[in-house]
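Given next, in structure tokens, is a single chain: the form predicted alone.
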Amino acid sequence: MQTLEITLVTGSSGAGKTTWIQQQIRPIADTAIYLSLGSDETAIDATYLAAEIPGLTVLPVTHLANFSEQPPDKHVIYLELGFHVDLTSLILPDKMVVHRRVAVLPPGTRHPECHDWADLVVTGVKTSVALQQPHLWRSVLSGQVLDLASLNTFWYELTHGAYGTIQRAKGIFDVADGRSLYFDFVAGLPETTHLELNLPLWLNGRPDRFSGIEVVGEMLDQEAIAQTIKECCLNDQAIAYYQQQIKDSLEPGDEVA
């Protein structure tokens, strides 16, 4: 009977779980499978890794149930667990054998549940904001195209406390020039600009691919966040106008979706 070895990875919000997995997977991408448990429909980490690591197989977590009947050819599986996933209630399919349990935690952190559960504790990054009662807010934005200048203003406001205390924020957004951009913020780490994902320009109407945002913090003004994002989104007429401008400027052979 074929068994599947799996590495489970948990840890604090913003500590670097996805970054650690990315480091492990990149050299073996052609034989690796990545799944994320706890992200639900907001597949930011999965979309980011799929775009940035050629050859990596990224599957929805619903495929876990199919593994026992249709084992994948590849056998190195990394399953990332959201910080809010209860480790004591985690049940995996019968043929999946846990090879390693890894916890990625900020330096100097004593997390009894993670330390008792993990085979290996990896020192991650330290956030400058310690939350007493972390609150998670998400929104799927697939099909929406955002004005980049408005998005940049919103992101600055968000990460500087305009909508509550923010420990962690990340998002993937389609913008008017056809690019898919990855935004990543951890309180206390140097601010970075957005990263353009390795995806074709989308210049034919509303994008048929994932985009969305996830925020972890306290006292979040969710209504204001949602309203501001809505105001960043372009209507059909504006989308068509900007996409046509970009198409007119492209060189023969440029990749377009």
Partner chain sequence: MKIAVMSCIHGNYEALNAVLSDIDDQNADKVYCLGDLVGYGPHPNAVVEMIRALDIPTCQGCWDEDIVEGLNACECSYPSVLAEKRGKLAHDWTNQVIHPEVREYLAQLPFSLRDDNLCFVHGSPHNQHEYLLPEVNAFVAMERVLATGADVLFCGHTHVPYVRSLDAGQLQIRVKVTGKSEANMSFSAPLKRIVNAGSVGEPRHGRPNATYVIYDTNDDQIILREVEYDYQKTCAAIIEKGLPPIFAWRLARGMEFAERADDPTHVCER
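Numbering follows the first chain given and starts at 1. Keep in mind that this is a model prediction, so the values were computed, not measured.
The same protein also exists as the form predicted in complex with the partner chain; that form is not shown, yet it is the one meant from here on.
### Task
Considering the partner chain in the predicted bound form, find the one stretch among 136 to 144, 89 to 97, 113 to 121, 155 to 163 with heavy atoms no farther than 4.5 Å from it.
It is 155 to 163 that comes within 4.5 Å of the partner.
### Query
Can you pick the one in 206, 230, 26, 63 that has a heavy atom within 4.5 Å of the partner chain in the predicted bound form?
Spelling it out, the residue with a heavy atom inside the cut-off is 230.
### Query
Can residue 239 be called a contact residue for the partner chain in the predicted bound form at 4.5 Å between heavy atoms?
Contact with the partner chain, no.
#### Entry: Proximity of residue 150 to the partner chain in the predicted bound form, heavy atoms at 4.5 Å
Residue 150: contacts the partner chain in the predicted bound form.
### Query
According to a 4.5 angstroms non-hydrogen atom cut-off, is residue 21 in contact with the partner chain in the predicted bound form?
No, no contact at 4.5 Å.
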